[in-house]
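To begin, one chain is listed below as structure tokens, in the form predicted on its own.
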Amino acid sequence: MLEPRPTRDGSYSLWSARFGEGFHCADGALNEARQVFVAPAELERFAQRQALTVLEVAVGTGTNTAALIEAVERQGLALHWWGLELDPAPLAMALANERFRAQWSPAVLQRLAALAGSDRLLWGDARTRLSELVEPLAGRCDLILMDAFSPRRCPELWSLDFLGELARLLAPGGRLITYSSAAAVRRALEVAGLQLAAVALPSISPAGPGRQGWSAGTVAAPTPLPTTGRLRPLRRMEREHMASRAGEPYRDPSGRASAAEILAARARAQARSGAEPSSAWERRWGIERRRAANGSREGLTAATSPGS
């Protein structure tokens, strides 16, 4: 079941009973799309009228897609877009919703609806459909936007195997951008051969008690990433988190395992690991374990929730 739920900035979002999570952070769906996904892409890097090749994993309501369309048009770029999505309902609900439609210009809505009805949006299990994009996209993606439900809820799309396949699609200057700061996700991206940077906490989500030093997400690229107002290097705290048992990647070598199977296999690997327990890392850094009501999409919550 999907339930419409506006976020704190008044923008449209959904709550999924199946996954027990919201589609966006509680601070704001629209702000998250613009500041966590689009801003770290730093589209000003690209020459005007350049064609941007983008893959979006977990299209959901289309909020990230619309924000990207808006930014690409403002920057004077062309957009070659592909998307992977399991369920057509969230996007259909968004396009029919007055609050969602009021967020965008008619031109952006028209472009989003066209993409939703095109063969560039592949419906079904992303693990299966991704294989269809290897030939047209290998080494060509300027951006990959990764916005699946959190790793504990949807480990199928955060496995070392799946993220490794995404890494193969990136162009030399391409970037994979995600809201997740989870140690297991970051470790998997690094094992896949990518360089990491943290997305600086945006003004919509200022650092509060227990969040100092964390981030709004992760950017991964084949080459080192610059330090800018939007990106920063991972800090010692984050690196040590990756080295703890929390950094044990999710694994799905068959590409067909269930969430329960992936979680169970990871728990066994963590039990066998000689790495520092994540609880010891938390105590050393004075981090209070907590879980946010919005489904673990914010900074420390995503990174330190049980089993992460």
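Residues carry their position along the shown sequence, with the first being 1. No experiment lies behind these values; they were computed from the predicted model shown.
Not on display, but discussed next: the form predicted together with a small molecule.
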Inset, instruction - Only one of 108, 234, 86, 225 comes within 4.5 Å of the small molecule in the predicted complex by heavy atoms, so just point that one out. - result: 86
Legend entry - All of 60, 63 and 149 with a heavy atom within 4.5 Å of the small molecule in the predicted complex: yes
Legend entry - Residue stretch of 68 to 76, 170 to 178, 123 to 131, 193 to 201 approaching the small molecule in the predicted complex, non-hydrogen atom distance within 4.5 Å: 123 to 131
Inset, instruction - Verify the contact flag for residue 160: yes if a non-hydrogen atom of it lies within 4.5 Å of a non-hydrogen atom of the small molecule in the predicted complex, no if not. - result: no
Inset, instruction - Answer for residue 285 alone: is it within 4.5 Å of the small molecule in the predicted complex, judged on heavy atom distances? - result: no
Inset, instruction - Give a yes or no for residue 15: in the predicted complex, does one of its heavy atoms lie within 4.5 Å of a heavy atom belonging to the small molecule? - result: no
Legend entry - the small molecule contact at residue 154 in the predicted complex, heavy atom, 4.5 Å: yes
